[in-house]
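Shown here is one chain on its own, the form predicted alone, set out as structure tokens.
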Amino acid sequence: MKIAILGSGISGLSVAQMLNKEHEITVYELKPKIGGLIKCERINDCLFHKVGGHVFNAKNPKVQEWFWSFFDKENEFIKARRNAKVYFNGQIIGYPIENYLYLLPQNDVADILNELLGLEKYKKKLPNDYENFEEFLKGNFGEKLYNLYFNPYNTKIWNTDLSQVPMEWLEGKLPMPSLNEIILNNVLRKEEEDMVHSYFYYPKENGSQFIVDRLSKGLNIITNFNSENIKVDINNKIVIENSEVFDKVIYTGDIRKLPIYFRSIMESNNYWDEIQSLKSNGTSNLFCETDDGNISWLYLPESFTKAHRIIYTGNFSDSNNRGSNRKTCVVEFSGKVSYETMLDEIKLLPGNLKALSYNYEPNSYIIQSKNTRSVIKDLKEVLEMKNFYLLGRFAEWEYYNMDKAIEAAQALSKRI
């Protein structure tokens, strides 16, 4: 078949490679440069992850097998231990915070433990038994720790009311420690080893741009594409730019910005208002030089700064700092924050930060509501009857990391 793929992020490039051996594939990219959220660029020969800091880690063996078929794990990648921390009360403490309660003020620790002991009297619920994210956090960690850490941090990131966040959206992303585990981890000073990214792999050169460039090899990619140039002919074939006829199209862009023809399908099936009401946050990222250290991620829950985390990409590979005698990092803010404001904000943060560059991405984090998944599921079925498929974080409105994006691409390529 002739198949068009709209978008060259990790989802688009992955499904293109999966289908390329058996079908004629063309990838269309809206922007001048491929890579979507995981693209990077060099600033003064230092590597700037323009939207966060992307690494590879997967528990799914099929995802691992497919990914490593494109790379030399031993010679092209570095295996690193996730060294995440929390900046709290002016000190750097361990992550996740419930394992490091002993570093908090004594009165706070007493209140937190009393609440945890009180919660232990009740039968433990599974995550999906809770009505929403707020109830889950309070039900597992108590009001004190919720107010000190979980609420301010998560509100900063998601910029939304946590009581409106459904649990299904966060499946597989949530901590579920028992009281015994919390107490043991604090007494024994035990490090967390079961987190999704406890260990990760990172390219020795050029970060996630290296992954993009490798996955793009052998593919026919057209950049600066206008997605409005899509029509459907009388034979139910999809026509792009008035000449190229495709049997199927895979769309990895923002579902709120579907090509006009497919918007009309949404309107006729009463999906348009639902899709247009979907919420997302952009991110403002300030690329900085920083003092030497060994942290990978530093979370910033407190209100003294608008920033919510620092990603020390310069610690992932020395080649990321090639143009500087210091390490580099990315300071991330939710929403659109002016460059001048970000410059003021980094004065409040540790590391003697010095700005090198910045980027605003209008669409980074997706937020689901209670009926998002059912609406997307129904819409997928309608669109697939027209040979038009949705894939990826923004098309499926799922908070996919790299491994989950590849997993979803595998499922779709198998169906096709």
Ligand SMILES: Cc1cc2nc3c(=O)[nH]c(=O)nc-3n(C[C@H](O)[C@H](O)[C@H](O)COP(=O)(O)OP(=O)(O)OC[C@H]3O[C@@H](n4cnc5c(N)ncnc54)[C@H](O)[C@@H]3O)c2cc1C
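Quick caveat, the model's predicted, so the values are computed rather than measured. Start at 1 with the first residue shown and count on from there.
Although not depicted, the form predicted in complex with the named molecule is the subject of the following passage.
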item: Candidate from 349, 38, 63, 390 lying within 4.5 Å of the named molecule in the predicted complex - any heavy atom; value: 38
item: 4.5 angstroms heavy atom contact with the named molecule in the predicted complex for residue 408; value: no
item: The named molecule contact at residue 55 in the predicted complex, heavy atom, 4.5 Å; value: yes
item: Partner contact for residue 373 in the predicted complex: the named molecule, 4.5 angstroms, heavy atom; value: no
item: is_contact(residue 379, the named molecule) in the predicted complex, heavy atom dist at most 4.5 Å; value: no
item: Proximity to the named molecule in the predicted complex (heavy atom, within 4.5 Å), stretch among 349-357, 64-72, 47-55, 379-387; value: 47-55
item: Contact set, 1-40 vs the named molecule in the predicted complex - heavy atom within 4.5 angstroms; value: 6, 7, 8, 9, 10, 11, 12, 28, 29, 30, 31, 35, 36, 37, 38
